[in-house]
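The data below hold one chain only, encoded as structure tokens and taken in the form predicted on its own.
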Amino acid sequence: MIAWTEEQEAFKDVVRRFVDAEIVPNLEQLEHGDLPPYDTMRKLYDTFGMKEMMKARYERIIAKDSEGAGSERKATTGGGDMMAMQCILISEICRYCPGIVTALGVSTGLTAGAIIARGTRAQKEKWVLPLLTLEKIGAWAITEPGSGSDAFGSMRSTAKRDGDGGYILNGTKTFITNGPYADTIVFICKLDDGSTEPQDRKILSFVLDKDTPGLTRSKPLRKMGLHSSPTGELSLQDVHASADQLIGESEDAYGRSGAKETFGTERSGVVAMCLGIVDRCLELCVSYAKERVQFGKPIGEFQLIQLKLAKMEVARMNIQNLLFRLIELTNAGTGMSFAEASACKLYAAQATMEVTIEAVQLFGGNGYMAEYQVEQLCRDAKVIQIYAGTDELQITAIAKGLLRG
């Protein structure tokens, strides 16, 4: 794939009209007025028939279980068109409001995805469809106040067997997207069996409902960017979870490998977000370079400004080509390796941060003001170098993949 098709370009125009009508007029409230994004997300689903698409996807998931396939993890060919449409949707929204995409991706991608990948049929029937259709909002809780990049090694949240086939959960999670509002939470912790050293304990994942006794959550945390994506802290104190809330109903079903799969999927999806941010920054900068006059002429005539614009276009082209590769791999029924997904995420995140910083610089004092959108996009871009694995962790993943051959 070397270019968007006519059909995809037409779809892009339709999405852009939705963004102009439903997101742009509410951007101030989404970013600074504490307006949760969930009604906008649901309107997006209704507008583009995504609820019906997700119902069809759910039926395929259940059908595969009936056929003994076990999950949706089997690769199938021909999914590139759907992937392309999803990428266009993500990138177009991220031209204005990357936070909405983060909230949406964690709910339908990470939370539902964890249950789809490793859950039993009964668990999928109970939790997956409401998450996929946005009837319920999901949160995927792994990060802790003292863990950060060392998510497993520093994990302190525990599950202890209660003697009746269930578990008692304790721990605190932070930086949890959708945490303040989530209806369904995937809580990741370590099995404390009383004898295994903390670093060697099994990783377990439980599905919890919002009204679970002993579960408390904070108000949305104040943060640098992605204000339209609510982030919070979750605390569990002696929470009882039954065996059927353990993903896969097995202590070996969703461990480190399950979480790694989730991270790989998340890292690939970030590329579409980056394309939207870079594309919008470039658009704003080209327009400003034509209109802004200094020393008697438009600043676009100055060579240093031209250099900035040229580098932005190179970044946009490279990120778009990475996205095309992701679509082609999906269409072929394969996918990126963990190392390749990490490489894509590393490049896209760094390039996007560089573009947004240069956009602020190109706008000068105006770029530092909130009324000019480059200020918001710059703040939003920074977290892409941090969440789904920091740049430093991506480098480690890439190097390990190379050294393994």
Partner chain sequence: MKILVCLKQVPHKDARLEIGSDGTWIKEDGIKFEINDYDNYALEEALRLKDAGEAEVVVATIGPDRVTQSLRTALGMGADRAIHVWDDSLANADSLGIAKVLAAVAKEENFDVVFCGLMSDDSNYAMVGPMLAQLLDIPHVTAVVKTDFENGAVKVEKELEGGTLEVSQVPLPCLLAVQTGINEVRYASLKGIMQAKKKPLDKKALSDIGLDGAAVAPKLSIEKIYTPPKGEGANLLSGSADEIATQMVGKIKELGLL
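Source: prediction; values computed, not measured. Numbering follows the first chain given and starts at 1.
We do not show the form predicted in complex with the partner chain, though everything after this point is about it.
Each of 6, 17 and 48 places at least one heavy atom within 4.5 Å of the partner chain in the predicted bound form. For the partner chain in the predicted bound form, the listed stretch (214-222, 285-293, 141-149, 192-200) containing residues with heavy atoms inside 4.5 Å is 285-293.
Contact between residue 85 and the partner chain in the predicted bound form is found at the 4.5 Å heavy atom cutoff. Not displayed here, the partner chain is kept clear of residue 251 by more than 4.5 Å at the level of heavy atoms in the predicted bound form. The partner chain in the predicted bound form comes within 4.5 Å of a heavy atom belonging to residue 13.
The shortest heavy atom separation between residue 53 and the partner chain in the predicted bound form is within 4.5 Å.
The contact with the partner chain in the predicted bound form, taken as any heavy atom within 4.5 Å, belongs to 81 out of 301, 81, 209, 313.
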